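Consider the single chain below, provided in structure tokens and representing the form predicted on its own.
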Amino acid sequence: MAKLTNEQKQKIVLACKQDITFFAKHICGSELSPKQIEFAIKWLVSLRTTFKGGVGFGKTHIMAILILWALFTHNDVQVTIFGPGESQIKDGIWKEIGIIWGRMDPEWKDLFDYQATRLSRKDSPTGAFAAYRLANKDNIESARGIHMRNNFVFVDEASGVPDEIFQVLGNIFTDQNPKLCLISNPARTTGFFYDTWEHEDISTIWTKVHGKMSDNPRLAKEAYEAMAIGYGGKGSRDYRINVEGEFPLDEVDGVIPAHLVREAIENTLAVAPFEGERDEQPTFSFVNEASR
């Protein structure tokens, strides 16, 4: 690519700021799927976004695109990525950011300084940067003190992050332009991530995106069917989580599903038998056949 003038660069940056799909294609070399575009648009216009989904359709990729887009198009921006484990962050989202950055045209790649734990724009290393932090019960304080005019927080594998972290992260909404985005496989039927979908009150303030394995247009039918079988097939708990991108019916598999037990307990129409009815039940005696 021929070297661009500053004026040309500014026009491209403005075009990218107005259209994330344009940024993904022309800066990152990525064609987004319809589900990834839906996620990007909803994230862009929302303070709070919760994304539940199965595997194999690119939620990690679109999250990496959004992080790079934020640093490319904004000043006074901090992006913080939380996750329950360091290896999960390094091998997932941080690796994906590095892959996209590595294939950029040198004209754009040279704008960024990509390190093991931090990504920054070279012209503003403290005013446009991304970093990751662990989010577990032993590290609650890591969620405090995150403030910037454009303050974007992503929580990866959010179903495994303790509720205390989310309580602290609420402080970002005192900033001028905050965004909190939760991304996870819907593996648990308890916790804050679950509440953003199912809680009667909490869920009302969250913008929701739901993805399935079938939302990946590049996944061949044979590969899809094989992966679906690998997750136990239709009706299994793992299939529901990883293929359909839905919360399991119960926290763990059991002989009688917990949701049926709950429904029985809460059934106000059910009437227990009276003591007298039990007393009237016939009695049985077992007689030794040899004594007859």
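Quick caveat, the model's predicted, so the values are computed rather than measured. Start at 1 and count along the sequence shown; that's the residue number.
Note that the form predicted in complex with a small molecule isn't included here; everything after this is about it.
Novice: Just to confirm, with a 4.5 Å cut-off on non-hydrogen atoms, which of 218, 199, 144, 137 contacts the small molecule in the predicted bound form?
Specialist: The residue in contact is 218.
Novice: Which listed residue (247, 69, 57, 239) meets the criterion of a heavy atom within 4.5 Å of the small molecule in the predicted bound form?
Specialist: Answer to the contact question: 57.
Novice: How about residue 35: is it within 4.5 Å of the small molecule in the predicted bound form, going by heavy atoms?
Specialist: No.
Novice: Just to confirm, residue 30 within 4.5 Å of the small molecule in the predicted bound form by heavy atoms?
Specialist: Yes, residue 30 is a contact residue.
Novice: Taking heavy atoms and a 4.5 Å cut-off, does residue 120 contact the small molecule in the predicted bound form?
Specialist: Because no heavy atom of residue 120 falls inside 4.5 Å of the small molecule in the predicted bound form, the answer is no.
Novice: My question is simply whether residue 151 lines the interface with the small molecule in the predicted bound form - judged by any non-hydrogen atom within 4.5 Å.
Specialist: It does not: once the small molecule is placed as it appears in the predicted bound form, residue 151 has no heavy atom within 4.5 Å of it.
Novice: Let me test this: is every residue among 61, 96 and 185 within 4.5 Å of the small molecule in the predicted bound form, going by heavy atom positions?
Specialist: Result yes, every residue of the spot touches the small molecule.
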